[in-house]
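In structure tokens, one chain follows: the form predicted alone.
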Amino acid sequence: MKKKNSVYMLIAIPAFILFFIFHTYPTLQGIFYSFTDWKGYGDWSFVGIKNYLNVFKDERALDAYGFTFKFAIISTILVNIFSLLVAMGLNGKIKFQKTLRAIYFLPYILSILIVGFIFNFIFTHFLPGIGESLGIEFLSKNILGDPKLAWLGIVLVAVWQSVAFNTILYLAGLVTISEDIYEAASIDGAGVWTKFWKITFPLIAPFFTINMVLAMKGFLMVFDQIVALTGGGPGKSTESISLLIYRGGFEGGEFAYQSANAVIYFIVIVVISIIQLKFLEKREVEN
């Protein structure tokens, strides 16, 4: 028994050490420097909670929070709607089912930056070219250059790529539902909507909870799509919190200040995730 435990310890300890060195230690360092005025170089001194208080007075940070939450909420809702619809379609008795499942999963294995740059070309050159040829004014302009519309392009790309992963999770839930339940419901005269609302949705509730939490967390940390599509522009209209922290911390000499911003944002994401879990789990029990 002792020999067996020793083998487990030999496997677990290196992983723990690597995790601590590359994840926990940098995190603790960031928290430590958030109470200083360190610029990322040179000397530093303690400033207490001054950086944390300044985050709440920073209009640029508040705008970034506003944009990030708007983007995350809308994207989470859209991703879950589309991925559930796609999963239900792919779970049906259709031809080329396995091939279609593979095709729908392709966007997820592509690099976010590469996909972003491809869509950047589409929004900047391809669609405006088609719009000018057909005389469609809405398509004739690059939406990524419009401060009021640029976020729509980011939402479209993020949703298109994220649907694949959420579809897989919903499919995992749908295959666990026995066909006998649907047949019994049909005998009782249940329609398509009744079957979905009374059978399908309650039985995949745990998968809905997972998808909502993972999607929200992922979209709150949006970074790559914005870098590839708009770089945070036009102006600062699509600057997310992650992008602001990166730029301010590593390019703007605000390492300590943005570390405080990162700590606050980490707490915000944890709180939102816990609220989501509590609310959705309560809903699962009620169903």
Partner chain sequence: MLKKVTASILSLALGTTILAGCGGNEGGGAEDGKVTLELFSNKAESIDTYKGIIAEFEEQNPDIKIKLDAPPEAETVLKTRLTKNDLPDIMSIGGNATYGELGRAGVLHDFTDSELLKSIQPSYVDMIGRLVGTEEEGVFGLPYATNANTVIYNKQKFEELGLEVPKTWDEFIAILDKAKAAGEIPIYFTLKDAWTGMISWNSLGANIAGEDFAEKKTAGDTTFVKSYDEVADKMLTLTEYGHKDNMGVAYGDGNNAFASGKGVMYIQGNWAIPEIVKASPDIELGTFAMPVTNDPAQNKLVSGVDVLLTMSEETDHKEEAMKFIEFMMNKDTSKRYIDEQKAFSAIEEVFQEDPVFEGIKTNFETGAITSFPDHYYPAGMGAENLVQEFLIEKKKEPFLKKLDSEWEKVQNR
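The shown structure was predicted, so the numbers you read here are calculated from the model rather than taken from an experiment. Numbering follows the first chain given and starts at 1. In this text, the rigid core denotes the largest set of C-alpha atoms whose superposition between the two forms falls within 1.5 Å.
A second form of this protein, the form predicted in complex with the partner chain, is not displayed here; the remarks below concern that form.
Note on the interface: of 85-93, 101-109, 196-204, 141-149, the segment with non-hydrogen atoms within 4.5 angstroms of the partner chain in the predicted complex is 141-149. When contacts are judged by a 4.5 Å heavy atom cut-off, E132 counts as touching the partner chain in the predicted complex. Contact between G252 and the partner chain in the predicted complex is found at the 4.5 Å heavy atom cutoff. When contacts are judged by a 4.5 Å heavy atom cut-off, L10 counts as touching the partner chain in the predicted complex. The shortest heavy atom separation between G235 and the partner chain in the predicted complex is within 4.5 Å. With contact defined as any non-hydrogen atom lying within 4.5 angstroms of the partner chain in the predicted complex, the contacting residues in 99-128 are N120, T124, H125, given in sequence order. The Cα shift for I267 between this form and the one not shown, taken after rigid core superposition, is smaller than 2 angstroms.
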